[in-house]
Structure formats: C-alpha cells, structure tokens
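Only one chain comes next, encoded as structure tokens, the form predicted on its own.
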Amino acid sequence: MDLHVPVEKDLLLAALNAIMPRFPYFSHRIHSGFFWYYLMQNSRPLEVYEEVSAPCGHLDLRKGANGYMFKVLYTGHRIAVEYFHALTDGTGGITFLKSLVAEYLRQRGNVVEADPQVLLPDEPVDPQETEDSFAKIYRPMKSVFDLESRAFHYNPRGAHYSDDHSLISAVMNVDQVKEQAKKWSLTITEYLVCEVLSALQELQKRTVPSEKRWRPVRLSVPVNIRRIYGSKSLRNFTLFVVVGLDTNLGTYSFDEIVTSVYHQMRGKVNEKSLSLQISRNVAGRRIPLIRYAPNVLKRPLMKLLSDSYGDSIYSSVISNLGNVTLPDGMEKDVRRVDFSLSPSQKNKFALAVISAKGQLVLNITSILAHNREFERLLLVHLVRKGLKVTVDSNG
C-alpha cells in the first residue's frame, strides 16, 4: 500500500508487534525433520526492512526475516509484505497487510473504523482462522492423479535472465474494465484470462514457426474457495483452475476464446471439481509409505509431482485478488494498492491483479532482463479494446 503520509520505521515496527498476537499462525517458521517438514513457534524478534530491490525476491526461510515466512518492507511512503506461499494466500495476505496499515495509521493518531479484513490487536483469536481447511474437508477419492500434457512456455533465443524481477504495471479504471467484461458476459477475471490467452496464442505463433511444435496455451488461475466451503482460515486455502486453448486445433478468434473460457471456468469452480483437487493435495500426507519415507527420498518424488501437476502444464499464472475496500480513517491516507506474484524458471512471467479506490492495477513480473514481447502484446490488446491504460515499470 502506497500512503499519502510518510512511513516511519520505528512506528511501523511498533504496529507489527501490536498486531502479531492477533495472527498467531504467522509466528511460525519451517523446520526440516527427518521424515517431513513441520512448523515451529518462532520467538525471534520481529523486524521491518527497507525495500531496496524488486518485488518478490528470494526469501531465505532460515536466515531471511529472522526465520519468519513473511517480510515487512517499507520505503518513504510504502508499506509492503512479502509472503512464502506455504504460510498464506492472497486473502490471508491482504488481511494481514490491511491490519498492519490500519494499526500503523492508528499509532499516527487516525481513528480507523471497523472492517471485516482489519483484525484488531485486542480481539480474541477465532480458532477457525488458524485451521488447516484442506485437511478438514478432505475425503478420499479415486483417480485423482490425471496427467495433463505440457503447455507452451516462452523461451526466447538469447534471452538474458535477471535475479531482480522486472515489473511492468498497468493501471486502468476498474469500472471501464468491468464494462468491457460485461460486453462479453464475463467477470473481470474471466475477461483478463481471455486477453492473456489471446496474447499467449499470438506469442506462440510469432516465436514457434512450425505449427507441429505448438503446444496448448494454458493459465493457472488461483481461486479463493473460502465461500464455497465456509472457511475463515487465514492459512493458504487456494486452489488453481487450469484454463487453456488447444492450439493444435487451430487459431482461436477472441469470440471462441470467450466461449471456451466461460465454460471452462464456470465448469471447474464448483465444490465437486474442487474436491478432486483437495483430495489430490492431501492424499500424499495420508499414504503411510509416503508419509514415513525420509525427506531425502521424498524430495525427488515431490519434484516429479510438481513437474507433472505444476509449472509444466500451464504457460503462466494470473491471480485477481478483487476489490479491496478501505475503512474510514484509512481510505484518505492510502493512495494505491498493489499486488505482485513471483515468476518461475519455467513460467517466466506472472500476472497479478488488484483493485482499490476505483483503480485496477495489473502487475506483470518477469525474470527476463530485457524482453518485453509478451507484455507489449497483452497491453496492445487491451488498448485496442478501448481501455485507457497507464503503464510504468521498474526497468
């Protein structure tokens, strides 16, 4: 969150210490045992760190941030938090950030009104906030390990890679984007998925001359499933819907992309389809042969499963945290809200979307040092639809 007021390090640290008892699950670190990884209470002092690099940098889970699985950063007018995904997801992350910023503003003298996503230091902890909702709703199912084919991945020749992620930020009017989505009877997330798939399809056509070598273009779309299952957990409780186009069947028009995405997303975001994913995710913990195998043997198996069900089967990821509301006493001092995802070696760019104060911000992070072909294609597609887009970059 970018503020209109300056950020003072000592005041921010005091706010962090004040809210931490309200987030007891966040006071843990990962420990590697002989058979499995597990969480232990972390009693090391909390710290806040000046933001000096690109977003979503490497977080050393033993040395970085004193062993905590999150890191609070600040600059002149910005408060940011970076999270290891095993700790929480976007919903838990925005709840923590809003609570932290609200407490910081209170310590500056603001009176911040009540908000469902602002947890107060003196409130009792709801036990449901710390539960493992995956384990709670798990039920055994057969045939949960269906393999997907590999997807298209952008591998430009002579590419240079950077340890600091490049960031291109596109800011739009959220009502204008919503109106554009309504033209196609889509939600904002569905509409942006269509635009990204269209750009990926064009990128593959330009960079892979032989149609015989074309692969499906797919996106991993995180889904907040708390409403479906009635969960209040602040832990990681996100599943991913994979949506894509089989370009081996030919080039899809935008109308065809819209129809395909509409049916894929609405057909997969339901309790029965999502329960299959939960069963697959939890099954590994329940199989004694896997559970009690030493970590040294588990790691190659986990790598194999990750390759089969993870980055290899989709071309990129797009996550939309939706609209962030700000309570009175906070609204006037917050200028902008941002959200960024870390890309991977396989999927070289990641897209993150968040809306607040009438603005929709689309952030594209990439490990490519100089190549901006995908970003250019996507933003040109949006502008051609009539959207007004303001673009800036950390490059």
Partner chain sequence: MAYCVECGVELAPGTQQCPLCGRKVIAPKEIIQEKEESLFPSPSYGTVRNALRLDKYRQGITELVLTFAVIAILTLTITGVAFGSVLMFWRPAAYIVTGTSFFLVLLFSTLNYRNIATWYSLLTILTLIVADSHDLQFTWVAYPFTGLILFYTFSVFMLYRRIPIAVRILISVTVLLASLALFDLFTHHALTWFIPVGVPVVAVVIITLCVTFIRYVKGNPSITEMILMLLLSASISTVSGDFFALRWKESDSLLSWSFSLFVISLLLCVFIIITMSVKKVRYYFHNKIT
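Being a predicted model, the structure only gives us computed values, none of them experimental. Numbering follows the first chain given and starts at 1.
The discussion below concerns the form predicted together with the partner chain, not included here.
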Only one of Thr75, Thr325, Thr130, Ser260 comes within 4.5 Å of the partner chain in the predicted bound form by heavy atoms, so just point that one out. Thr75
Heavy atom within 4.5 Å of the partner chain in the predicted bound form - the one residue of Ala114, Leu301, Ala135, Val111 that qualifies: Leu301
Spot the stretch among 352-360, 41-49, 333-341, 25-33 with residues whose non-hydrogen atoms come within 4.5 Å of the partner chain in the predicted bound form. 333-341
4.5 Å heavy atom contact with the partner chain in the predicted bound form for all of Gln345, Arg372 and Arg376: yes
Since only the chain is shown here, I'm wondering whether Glu148 would be in contact with the partner chain in the predicted bound form (any heavy atom pair within 4.5 Å). no
Would you check, heavy atoms only and a 4.5 Å threshold, whether Ala159 touches the partner chain in the predicted bound form? yes
With the partner left out of view, is Asp164 within 4.5 angstroms of the partner chain in the predicted bound form by any non-hydrogen atom? yes
Please determine whether Leu274 contacts the partner chain in the predicted bound form, using a 4.5 Å cut-off between heavy atoms. no
Considering only 231-257, what residues come within 4.5 Å of the partner chain in the predicted bound form, judged by heavy atoms? none
